[in-house]
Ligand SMILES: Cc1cc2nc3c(=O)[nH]c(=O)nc-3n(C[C@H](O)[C@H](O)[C@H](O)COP(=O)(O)OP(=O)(O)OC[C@H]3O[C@@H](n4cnc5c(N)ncnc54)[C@H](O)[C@@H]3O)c2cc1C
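Take a look at this one chain, the form predicted alone, written out in structure tokens.
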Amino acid sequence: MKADVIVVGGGLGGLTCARDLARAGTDVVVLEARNRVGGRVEGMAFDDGRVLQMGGEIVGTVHHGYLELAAELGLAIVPSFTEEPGEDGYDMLDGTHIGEDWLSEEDRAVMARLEEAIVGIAAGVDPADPWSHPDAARLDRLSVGALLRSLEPSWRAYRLCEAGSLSAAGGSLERGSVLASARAAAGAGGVLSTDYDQWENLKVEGGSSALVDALEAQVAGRIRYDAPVQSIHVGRPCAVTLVSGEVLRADAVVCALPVGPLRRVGISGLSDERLRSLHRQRQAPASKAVTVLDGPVWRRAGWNGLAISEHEIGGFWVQGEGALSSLLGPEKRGYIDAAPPGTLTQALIDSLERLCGPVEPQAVLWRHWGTDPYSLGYVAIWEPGDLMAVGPLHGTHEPPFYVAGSDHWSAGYMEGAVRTGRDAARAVLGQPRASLYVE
């Protein structure tokens, strides 16, 4: 079989790319290993008809690419959990709190100083070329935890910042590069990803999986399901070999696989430098849980449903009127893997009950993205030294080989999948590259 373009991977980045190529009249084929598309965006139908979001869920006002695509597809955008009434929750080892009365002025001040420091660094970082920053190597080696310690925080402020980082599934403060954090902020117009009022205040009505459904409909007939790829040869033409042994050929290949599974695919014909850069990236092996409830039980405690946790399992945000989402990052993988049956769910319920009192969930649904063979992780993660090691080839194309997906943007997110998918399509079509970042 011969096509103009083969897109390897039917996640949000691959679908966005394929949709734009198809609209331009390109003969494009999408190869998806699973029996569904969407990748790390996945809707799960619950017994009562609700569609629960088991993967990517929320965007914000700084995510212009995602919002533009949703508008093109005729999808409505509605407020997310940030509109929920009540105060934040804190499930700490030495006590549970609703609201911030337990924090001192110094606690709040040091956290504000950390944010100001990173935003200040971001002002001098080009998100498309952070490597050109005059202090790039040092800032990349410096962990966010080390930067925070240099501000002489109270022990409570450090714990709170660490718990917040862990609850976002991106890893410990000690595993996050300052340069990468500043680059992420610079890519969103100087806004930190911890600013939920701008990064996570919106969502597609009906859930992010509705956007995937709309994209799938627009490339119907061009998707091969249950078609995992074994190898890619980059040449004239390119050849893509499926695990089944079938060989497909095309003038160009867009690789939209997550960086973990990509390492399992044999690639030839690509420069050693580009391949090393791709293989040097990493993801956080996170899990997601959705607690299904009869209604907004959190409101009875004056809690807005958003909480961070110091416990092995815990941390929440509101997905819907009767559903709470949770993320569990790499530091908790060992606990998750070793947990006897039922104990993860019970630990999550225990955390919820510490925050709002007795509950009787209808279900607690788990999605272990870190062990899914076709994702091997959830969000992109940049440990100290990673950004310099991956280098300026990050997110770039080597025609006729192109890349797409959230891993190739400055901060992951569904925004990154959409922007890089559209960028790859433009590159294939020979069109000028649009900025991947907020200007």
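We number the residues from 1 along the sequence you see. None of the values given here were measured: they were computed from a predicted structure.
What follows is about the form predicted in complex with this ligand, which we do not show.
- With the partner omitted here, the residue from 157, 163, 227, 306 that has a non-hydrogen atom within 4.5 angstroms of this ligand in the predicted bound form is 227.
- Only one of 55, 384, 395, 400 lies close to this ligand in the predicted bound form, with a heavy atom inside 4.5 Å, and it is 55.
- You can rule out all but one of 102-110, 259-267, 145-153, 124-132: in the predicted bound form, only 259-267 has residues with a heavy atom within 4.5 Å of this ligand.
- Taking the partner from the other structure, this ligand in the predicted bound form has no heavy atom within 4.5 Å of any heavy atom of residue 6.
- Within this chain, residue 64 is remote from the site of this ligand in the predicted bound form, having no heavy atom within 4.5 Å.
- For residue 369, a non-hydrogen atom is located within 4.5 Å of this ligand in the predicted bound form, even though that partner is not displayed.
- This ligand is not shown here, and in the predicted bound form it never comes within 4.5 Å of any heavy atom of residue 313.
- Although this ligand is not shown here, in the predicted bound form the stretch 15-53 places heavy atoms of 31, 32, 33, 34, 38, 39, 40, 41 within 4.5 Å of it, in sequence order.
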